[in-house]
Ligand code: GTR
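Shown below, as structure tokens, is a lone chain in the form predicted alone; questions about how it binds or moves come after it.
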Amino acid sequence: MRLSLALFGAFAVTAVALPADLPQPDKLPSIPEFPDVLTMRDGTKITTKKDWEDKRRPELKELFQTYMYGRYPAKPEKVTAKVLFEDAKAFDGKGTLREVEITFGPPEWPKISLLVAVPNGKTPAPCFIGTNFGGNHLLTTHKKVRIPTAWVPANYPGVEKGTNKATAAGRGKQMDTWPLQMAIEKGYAVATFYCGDIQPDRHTVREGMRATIPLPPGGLKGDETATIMWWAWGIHRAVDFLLTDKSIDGKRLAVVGHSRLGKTALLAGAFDDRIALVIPHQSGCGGAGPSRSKNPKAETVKRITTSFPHWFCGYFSSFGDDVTKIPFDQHCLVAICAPRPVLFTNAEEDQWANPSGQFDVLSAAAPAYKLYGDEKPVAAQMPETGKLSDSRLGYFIRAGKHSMTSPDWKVYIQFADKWLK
């Protein structure tokens, strides 16, 4: 079955009245602490929801595109979906599993293979959506689920060393990271795809969606679209499809991601109002963790842009030696999501992701949420280990290390039960 999809709602990128010549990073003023989320670059104070939505929120989107994640790619003129297979008796008969090929450009462009699990008899269902690290086949033993053909990191199950090709040997080897059956038994649908469908996670080869845009004269510019932005854009293409799927409640979509894909989840939520709830898990620096970090054990802007330069645009690496010149911090990205709920989840042993700094980010984003009438959008203090703070700006930290497992999903579902149901 092939469907042509109409694109829904006001989309993320809007024109904004900003100077065409935003300063080079080294010309920006130093701001030692978190910039005030409600103060414009010209010093104007934002006091109303209307001014926030008309002025400051667009300004922040422009700044994040210019100095951190790169330009948001153009909205495709047409998105097409083809159902590759459907099993209505999956998960011991409790759910339907299907895989959908999403096309949004010329035949030679990459395509998304979206794996969708839906509870039977409980539709339209709220849906968790996000990208996975190594392919849909890692999340289920179903033999009809596609194996990625794009480059896959060698550390994932079943990947051939040297060729970086995924194989059937990996089927079902990481089911705990996206526990599909648990979600459908709780009444939730799940939609996920391999991030490499859009953009493989390496910078040494011009491939994926990066290869569809010609290099400008003189080489890359400072605000070129970076990999995390491409991944977020890919999630939005999956949302295009989900809004046409009658088994999915398009008003109750929750974006989820872990680590670098948690950075992606936060950016995807901020840049698309169609997403109702945002859950970046252990996303750290460049995601939910502040650039102006006070945690000596946390990853820094200099370290992340040196190790993973392709995740961010060229300008962001310029701030490695002086993060005080960044004209925003990650609380501003959370604030763009207002008034939608956001949940930060962490682990005690994962100090690299800066759990305490993430709570500071939530607190600093709160003034934007107060413009929408929520006077206490975040807890007064960071909750104790193992206890969910389920305020609109939620927080959870557990014992353990950097990973995403079924117990984490129980927390996601608990938070979604409050805010989506």
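All residue numbers are counted from 1 along the displayed sequence. What you see is a predicted model; the values in this text were computed from it and never measured.
One more form of this protein should be noted, the form predicted in complex with the ligand, which is absent from this view; the next part is about it.
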Fill in: Contact residue in the predicted complex, chosen from T96, Q351, S259, T177 - any heavy atom within 4.5 Å of the ligand
S259
Worksheet item: What is the one choice in I336, A189, L253, I304 with a heavy atom within 4.5 Å of the ligand in the predicted complex?
Response: I304
Fill in: Contact test in the predicted complex: E299 vs the ligand, heavy atoms, 4.5 Å
yes
Discussion item. I'd like to check something about F308: if you look in the predicted complex, is any of its heavy atoms closer than or equal to 4.5 Å to a heavy atom of the ligand?
Written reply: yes
Worksheet item: Is W151 close to the ligand in the predicted complex, meaning a heavy atom pair under 4.5 Å apart or at it?
Response: no
Discussion item. Contact with the ligand in the predicted complex for F133, defined as at least one heavy atom pair within 4.5 Å: yes or no?
Written reply: yes
Practice prompt. Within 4.5 Å of the ligand in the predicted complex, counting heavy atoms only, one of 86 to 94, 259 to 267, 324 to 332, 290 to 298 shows up; tell me which.
Written response: 259 to 267
